[in-house]
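Next up: just one chain, as structure tokens, the form predicted alone.
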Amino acid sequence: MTHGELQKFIGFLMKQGWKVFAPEKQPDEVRYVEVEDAAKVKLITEPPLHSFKRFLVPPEETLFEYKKDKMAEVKEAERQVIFGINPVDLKAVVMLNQIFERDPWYQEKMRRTLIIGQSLIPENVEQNIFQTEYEENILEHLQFDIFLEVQGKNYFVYTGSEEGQKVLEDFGYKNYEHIAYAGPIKEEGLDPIMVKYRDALRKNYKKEIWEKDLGTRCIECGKCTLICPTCFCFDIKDQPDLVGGGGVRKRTWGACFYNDFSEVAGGHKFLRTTAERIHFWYYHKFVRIPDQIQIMGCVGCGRCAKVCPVGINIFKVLAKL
């Protein structure tokens, strides 16, 4: 597929009623923006600071509305295209798909979402301890509808779903190779890096890291959790109409660094100190999630290190472990 054909394909999707969101280089950072002119769409090596996550798990979403004893029907999600997701973030898609596999709101969004990935690796990949150079067999363990492998000025096209094949053929493009999803775990077994960090955290609590270093530096702002493409904790909030007998239930992003995250009835808090909270965050990503779904809860994108106001770098912390 040539770049001109790609732009025509994006224009075709827009005419078919899809909302297309693509990375765009702006003065301060790369951001996902809604495409208004398909001729301006291009692949960008630098990943957006704010990931695709908000299109699938919004910062705030209405789950349902109710009036007395009747619940309003859940509105059908709009059809959307998330364009240009790199292999690092596609790993996050795999993880969220497993975490929310029985969540009807997430599944409704995925049903109405077309994911178009691409092979350009972020320029800081040498600092990314989880991502090797791009290889074709990586695609068997990622979830996408269409994937573009950059080959000079053109793209080799892969499909990963029936929907991906359908929209390409409706467009009139048939020169693609289909790759069946083989699950998140490769044939050789569990990721040895995942096992290494899981064992390091589980078997040895290093007081000098959590209490003397990170516990004194972290200011509990929660930026690392909000920017992370795999953090999925949320709060459920009811907003009742005390006069009309109705109301709305919403889901909003939560963060384990927030003071009320572990608070239960009676005012008891399971996470009382900064050291406990930051250790909890790392333990969740590198022990509990691997135990639950056998993959790491971190894809190594480095966004948390980029936004941390006190300079905590996840790669340096893991090296110490």
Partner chain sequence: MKNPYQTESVKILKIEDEGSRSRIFTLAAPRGFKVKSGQFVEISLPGFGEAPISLCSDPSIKNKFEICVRKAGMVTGALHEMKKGEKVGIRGPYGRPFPVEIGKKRNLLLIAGGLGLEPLRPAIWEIVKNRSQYKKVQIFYGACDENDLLFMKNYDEWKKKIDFHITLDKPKGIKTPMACNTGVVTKLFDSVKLYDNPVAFLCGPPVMYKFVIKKLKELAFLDSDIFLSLERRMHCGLGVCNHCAVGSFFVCEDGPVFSWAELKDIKGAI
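It should be emphasised that the depicted structure is a prediction, and the values quoted were computed from it without experimental measurement. Numbering follows the first chain given and starts at 1.
Below, we turn to the form predicted together with its partner chain, even though it does not appear here.
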| query | finding |
| --- | --- |
| One stretch from 162-170, 243-251, 179-187, 81-89 that, in the model of the complex, holds residues within 4.5 Å of its partner chain by heavy atom | 243-251 |
| Interface membership of Phe257, its partner chain in the model of the complex, 4.5 Å heavy atom rule | no |
| Any non-hydrogen atom of Val264 within 4.5 angstroms of its partner chain in the model of the complex | yes |
| Heavy atom of Asp291 within 4.5 Å of its partner chain in the model of the complex | yes |
| Distance check, Glu140 to its partner chain in the model of the complex, heavy atom within 4.5 Å | no |
| In the model of the complex: members of 228-242 within 4.5 Å of its partner chain, any heavy atom | Phe232, Cys233, Phe234, Asp235, Ile236, Asp238, Pro240 |
